[in-house]
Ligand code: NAP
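First, one chain by itself in structure tokens, the form predicted on its own.
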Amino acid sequence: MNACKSRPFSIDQASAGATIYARHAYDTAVSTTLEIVGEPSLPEVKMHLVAPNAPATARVTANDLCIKGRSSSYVRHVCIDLAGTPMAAQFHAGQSFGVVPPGNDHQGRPNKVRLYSIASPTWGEDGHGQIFATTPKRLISEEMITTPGETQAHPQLILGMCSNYLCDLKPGDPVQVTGPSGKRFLLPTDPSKHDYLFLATGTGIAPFRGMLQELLAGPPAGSPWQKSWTRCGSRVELLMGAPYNTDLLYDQEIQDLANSHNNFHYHPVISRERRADGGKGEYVHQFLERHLDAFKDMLQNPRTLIYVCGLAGMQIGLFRLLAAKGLSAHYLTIDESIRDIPADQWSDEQIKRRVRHTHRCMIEVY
């Protein structure tokens, strides 16, 4: 799955009553402030039009590699025709959908649904909402397996069943789909009221591809969405993390958008290569901290929304950074049990359990 729900907030049982009361008061105060400074109004979207126990049959129309160059990763752009299903023209950029692969699992039961991010704008790849795309990555790994009756583990190749199934599909092949899912990771009803900081790693770029097309490029000629669409002139910043430059997804497409729209800036962030200035590679939150002077006014602006999609470590780094730099007020609620601890001393576990995001910070991590 390329975009999963963030972990829910939780607290220790021993201090539950007092902490919940204090957090409720704090959240109420924050919510009141957010209403004043511009909490986003999100569109009403349809969900679960096709249930996992009764998937609809769609068909693949295209399947292409979408990495920048030669890479040890294999990530594909798969287009799926929804015509004749209840999902046609009923999805939004930022939502996800399910794939039910054929066959049975290792226990002999029918395979369960796997969720994938929609990588298209609301009008789809075709402009009419009939075809959408997703960005699956082949899962190929090795694990040490102990065979029954043996005492010593041995290496075994593990292939992700659904990811490889989806990457292997050819144009014309049927695929069982469900959904759509998700009602929070969406663009606002009036995009011009906000500025956008998009943070992505790997296949977490999928929803942002659709959102960028929706904000900047617009529907193609003949699309029924053309009459109601207006180009967004708000500030849009995308930080895209990848291990190597060759792992960047949709890179040329995003560069073209940046070159065509001076309100949009694209920042590839590479973790395993030296930077152009000779510095060592870095992660998305480290890039943001190194360039904080360029982003601080945006983060302090009540118009700004933050969207995070990708590896969970990015969320942890971002939350620690926002709190340590005094920029968390609009984006985070912090449990009283750690408010007196310097944020740069918070453990990962404290961040997971004691910090949660507000409606101005949208999170989809795995």
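Don't overthink the numbering: it's just position in the shown sequence, from 1. Keep in mind that what you see is a predicted model, and the values were worked out from it rather than measured.
Just so you know, the form predicted together with the named molecule exists too; it's not on screen, but the next bit is about it.
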Would residue 311 sit within 4.5 Å of the named molecule in the model of the complex, counting heavy atoms only?
yes
Should residue 210 be classed as touching the named molecule in the model of the complex when contacts are defined as heavy atoms within 4.5 Å?
no
Give a yes/no on whether residue 193 approaches the named molecule to within 4.5 Å in the model of the complex, heavy atoms considered.
no
Against the named molecule in the model of the complex, would residue 271 count as a contact residue? Criterion: heavy atoms within 4.5 Å.
yes
Per-stretch contact check against the named molecule in the model of the complex, the hit in 169-177, 254-262, 282-290, 220-228 (non-hydrogen atom, 4.5 angstroms):
282-290
So, a 4.5 angstroms cut-off on heavy atom distances: do all three of 137, 203 and 242 pass it with respect to the named molecule in the model of the complex?
yes
Hey, which residues along 327-366 are within 4.5 angstroms of the named molecule in the model of the complex, non-hydrogen atoms only?
364, 365, 366
